[in-house]
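One chain is shown next in structure tokens, namely the form predicted on its own.
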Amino acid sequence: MTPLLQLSGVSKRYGGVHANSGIDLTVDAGSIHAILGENGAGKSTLMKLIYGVEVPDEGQILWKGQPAHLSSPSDARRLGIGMVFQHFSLFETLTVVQNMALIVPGSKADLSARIRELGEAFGLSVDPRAMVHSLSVGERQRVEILRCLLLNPSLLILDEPTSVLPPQSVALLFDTLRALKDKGIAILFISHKLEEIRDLCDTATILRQGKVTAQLDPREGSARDLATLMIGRPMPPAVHPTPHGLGDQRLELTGLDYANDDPFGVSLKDISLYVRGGEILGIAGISGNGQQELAALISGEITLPASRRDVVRLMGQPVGDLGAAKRRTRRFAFVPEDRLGRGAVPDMSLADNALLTSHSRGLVQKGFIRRQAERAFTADVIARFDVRTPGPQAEAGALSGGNLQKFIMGREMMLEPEVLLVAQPTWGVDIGAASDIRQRLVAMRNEGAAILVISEEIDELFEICDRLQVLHKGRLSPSLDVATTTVDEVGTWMIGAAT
């Protein structure tokens, strides 16, 4: 049988960097094929070549046995190739259905009905009328997946599609993907969740430093075997000792109410939580249940009237009416879920991005930037957090998603804050880097920091957190002790079925 897609000796260079080198890849119709590798291994570049975003320097791409000249995504879509990018390609000032209408034929009324129908069928519900700028990262990913499915592709490329789904919706999505496979549709599946790869995929290609290092059936080995092939060394075991000697309350919210002016946003009701020094509190929940609003209220991106300033307290002092910059002066650091735009400025160098939040670390003197100190601090972040980049002067937007996440996490953690708020700490990060980030968070906790982690990764929360609370429709569950709580219990709170 002729393969649906075949790559032979495909290479792509950016200056002196070989992103892909001599790639051979065969994808059959009716298969679910995993592409695995560390951040910077060449996965994203390879997918861009298949989707026509980039053109190979060498090699050949065959589609159904015929040479394919893919010079744009529209060329790929005409062949029947759809892709969901890790960094989304949506217009923020348009509604969901308006974004769909740009590439999917049909009236807006018809598209709206199909969006609702597919959303319910796949567990990817989203309001077609919502403005994209008002959606969380997770909701935007749902829009991207739905847009691909509306085009009825022969090949569907999914980059980290389950990173923002609760366990119940992951199972539903996998049922859908298996049904698509049974209809002859091929799926290229990129994920750092190796147990998902073993559960779903029948073939896996592993990349390391831009080259194919293995092709295998992922079901024949363990997740640890796959991780070792990806990173080239055995995975260290996770270490999370029981907390002891808890400190004072560093962050406290008491009866926080927030009425969202955005009709598509989420209002928060009677939010109460606290985090003490020497512990990690996790906030679980399905994306779009108020995580974005909660993070903005804690970080100072949204402020409260002076009369309600006592509702949010940092280091025992009321800060509800203080903006983000003033909260940072109180040993507070913040990693937002949106890497490009809020976590970093794409067109600025890594050095200048470091300056944005780290200027107090001796990078500015008498109003002037100390460029040498700025470069040294940035180089330290790059080295300590294994950020794969040419150096401090590289543009943030040129990094892979996982490497940019490592940089932003490193920048904030090196500030040695008393209170750290992290939203989606390992979203899109490979298994080796994710393990390292989680262990660094635990180490910070052991050194006395108070850490609040907002994540849709249930396994991640159970690995690093001491307590959990679940956010559902703007309300928080009671505090749950991780040692005595199960994943199913948390999932019940996530879908609003707990009593």
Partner chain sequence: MKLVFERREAASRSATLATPLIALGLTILTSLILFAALGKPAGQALYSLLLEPFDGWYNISELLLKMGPLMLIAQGLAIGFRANVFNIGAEGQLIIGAICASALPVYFPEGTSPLMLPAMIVMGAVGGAVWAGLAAGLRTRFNANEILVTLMLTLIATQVLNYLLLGPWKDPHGFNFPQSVMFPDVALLPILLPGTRVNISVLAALIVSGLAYVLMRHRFSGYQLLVGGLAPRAARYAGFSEDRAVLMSLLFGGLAAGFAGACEVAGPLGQLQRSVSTGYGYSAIIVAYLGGLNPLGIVISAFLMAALFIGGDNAMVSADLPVAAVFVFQGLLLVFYLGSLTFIRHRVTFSWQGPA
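Rigid core here is just the name for the largest C-alpha set that superposes within 1.5 Å across the two forms. Keep in mind that what you see is a predicted model, and the values were worked out from it rather than measured. Positions refer to the first chain, counted from 1.
Below, we turn to the form predicted in complex with its partner chain, even though it does not appear here.
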Practice problem: Could you confirm whether residue 216 comes within 4.5 Å of its partner chain in the model of the complex, counting heavy atoms only? | Solution: no
Quiz item: Heavy atoms within 4.5 Å of its partner chain in the model of the complex: does residue 338 have any?
Solution: yes
Quiz item: Using 4.5 Å between non-hydrogen atoms, is residue 129 touching its partner chain in the model of the complex?
Solution: no
Exercise. May I ask you to state whether residue 71 is within 4.5 Å of its partner chain in the model of the complex, using heavy atom distances?
Key: yes
Self-check item: Options 198-206, 407-415, 250-258, 115-123; stretch whose heavy atom lies within 4.5 Å of its partner chain in the model of the complex
Solution: 407-415
Quiz item: Tell me, which of 271, 283, 355, 84 has a heavy atom within 4.5 angstroms of its partner chain in the model of the complex?
Solution: 355
Quiz item: Can you pick the one in 384, 224, 108, 371 that has a heavy atom within 4.5 Å of its partner chain in the model of the complex?
Solution: 371
Quiz item: What residues in 359-389 sit within 4.5 Å of its partner chain in the model of the complex, counting heavy atoms only?
Solution: 359, 364, 366, 367, 368, 369, 371
Quiz item: Rigid core fitted, then: does residue 463 show a CA shift of 2 angstroms or greater between the shown form and the other one?
Solution: no
Quiz item: Taking the rigid core as reference, does residue 53 move its C-alpha 2 Å or further between the shown form and the other one?
Solution: yes
